[in-house]
Ligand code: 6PG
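In the block that follows, a single chain appears as structure tokens, in the form predicted alone.
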Amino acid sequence: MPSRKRTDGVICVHADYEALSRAAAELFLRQAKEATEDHGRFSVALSGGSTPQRAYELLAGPPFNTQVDWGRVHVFWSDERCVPPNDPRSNARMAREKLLDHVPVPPGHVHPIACAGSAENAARSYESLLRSFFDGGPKSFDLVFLGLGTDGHTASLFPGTPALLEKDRWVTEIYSEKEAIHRVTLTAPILNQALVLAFIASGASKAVVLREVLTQRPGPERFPARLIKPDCYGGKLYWLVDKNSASLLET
């Protein structure tokens, strides 16, 4: 697994999507073991989209499904569309179908973003949940999976939206003009406190944006993924990519 350490994280280039997905599953397993041994539980924020789906499928099957202490796992999401739970666009539904319905995570340890009311209320409710969960200990996820959009967005932090300027709130609402729906997203202040953050990017369609984000030329207002810079002591940032998405990076 070729990797390069940079000031903006460790770039791990994998041969193809399958190898990339396996690396993401292995990272999940490693962080789960370290977290449960260190402080008795493992908190992870999952991402939506198509790229992490294979990693979730791998975690749901052998050998990974027998190597994780699922009773100590707490599952959150980096963002969600304000759609019904069974809507095909729901990030929580995808994770249930690919992973959570197949492993013994206690129902009370699964924390989806609920948008039954307004997006603003959903954001404030989820922030309250997070602050309660982390109360009395480090305010940091053990692992956060993130995607990378072709426009440079991650989670639901889109170019030109007020969410990019957030300094205090952990969760906020945004309106997606493209989809004509509201979304709820974690913000940079809580994401950057994570012990480990991992972008997962695959395919030639991500090559240009991956190069641009990692060159440090454009700022976060244009490519929000550049907001992700771990500030937790010892926090780590990984870029798990395949050869196609990494094709324009300098060797």
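Heads up: residue numbers just count along the shown sequence, starting at 1. None of these values were measured; they are calculated from a predicted model.
There is another form of the same protein, the form predicted together with the named molecule; it is not shown, and what comes next is about it.
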property: Contacting member of 72, 96, 81, 111, with respect to the named molecule in the predicted bound form [4.5 Å, heavy atom]; result: 81
property: Proximity to the named molecule in the predicted bound form, single hit among 163, 143, 123, 148 (heavy atom within 4.5 Å); result: 148
property: One stretch from 165-173, 100-108, 123-131, 150-158 that, in the predicted bound form, holds residues within 4.5 Å of the named molecule by heavy atom; result: 150-158
property: Residue 50 within 4.5 Å of the named molecule in the predicted bound form, heavy atoms; result: yes
property: All of 91, 183 and 206 with a heavy atom within 4.5 Å of the named molecule in the predicted bound form; result: yes
